[in-house]
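Here you get one chain, nothing else, as C-alpha cells; it is the form predicted on its own.
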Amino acid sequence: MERIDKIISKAKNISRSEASSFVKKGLVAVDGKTVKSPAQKAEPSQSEILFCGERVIYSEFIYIMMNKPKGVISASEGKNEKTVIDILPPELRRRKLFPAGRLDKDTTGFMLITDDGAFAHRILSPKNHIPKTYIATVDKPVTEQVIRAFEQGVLLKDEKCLPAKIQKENSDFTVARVTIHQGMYHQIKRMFAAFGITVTELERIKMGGLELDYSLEKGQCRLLSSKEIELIENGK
C-alpha cells in the first residue's frame, strides 16, 4: 500500500506537495470514490486510480531503453551539455531518473535509464560481470593477434581487462562485434588503441541478454517489460 499523494507524485512527475494539493481539490479518485486526504493509502495494482478523470498508470520504478544518439552525455545533469535525461519524452520523465552505466558522448546505442538504484547496482557491479556487446568500426583490419589478445585480456597500463570476445562483422574485418564483461573508462577504444587501431564508430547493441530494439530511431526510447528487465540481469 502506498500513500495516494506519493502515487500521484510519481505517476505524474510532480512534487508531493503538488500531488497533495490536487487531492485536496477533489481531483483524485480511487475505485470510484473521491479521495479526501493525501495520506489515504491505495494498492495501485489492485485499485483503479483516476487523476482528473484519467486512469493513473503507476509502478514503483521504471526501466527505459533508449537508442542513444551522438552528442548527448550519459548523465542526469550536464551543466551546459544535453543529457540522455533531457531528451526523454515528457510522459517518461520522473525525478531521480539516471542512466545505468555510461556511453561516451560520441557512442550510440542501448542506454538503460531507470530510477531503481538497487537494480542498477546489481547489473553494474564488477562481481556480476554482465556482458555488454558493441559494434565497433575501426580504421584498420583486426588481426589474429588482436583476437587472441582480447580473448586473453588486454593489458591497459597497470590493469588487465577481463577476457573479451571479438567477431568479424564485415569482409575485411574493419567492423567487429565486441563483447566485454566490465565497464572501464573508454575500455573498447583503449583496447583497440593498444594495437594501434582507432575506433571511428561505436554502438552498444546488447546488455545482458537483451538486444537493442532497432525499431527505435536515434534518440527514441520505450519502457521495458518485466521479462526484458530479467533478460538484462540474468540473460547471456
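Residue indices: 1-based, along the sequence shown. These figures come from a predicted structure and were not determined experimentally.
Not pictured, yet referred to below: the form predicted together with uracil (URA).
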**Request:** State the residue from 56, 197, 202, 35 whose non-hydrogen atoms include one within 4.5 Å of uracil (URA) in the model of the complex.
**Result:** 202
**Complete:** Residue within 4.5 Å of uracil (URA) in the model of the complex by heavy atom, from 84, 112, 103, 142, is 103
**Request:** Considering uracil (URA) in the model of the complex, find the one stretch among 117-125, 86-94, 153-161, 103-111 with heavy atoms no farther than 4.5 Å from it.
**Result:** 103-111
**Prompt:** Is residue 206 one of the residues lying within 4.5 Å of uracil (URA) in the model of the complex, judged by heavy atom distances?
**Reply:** no
**Asked** Taking heavy atoms only, is residue 186 within 4.5 angstroms of uracil (URA) in the model of the complex?
**Response** yes
**Asked** Is any part of 124-155 within 4.5 angstroms of uracil (URA) in the model of the complex by a non-hydrogen atom, and which residues would that be?
**Response** 134
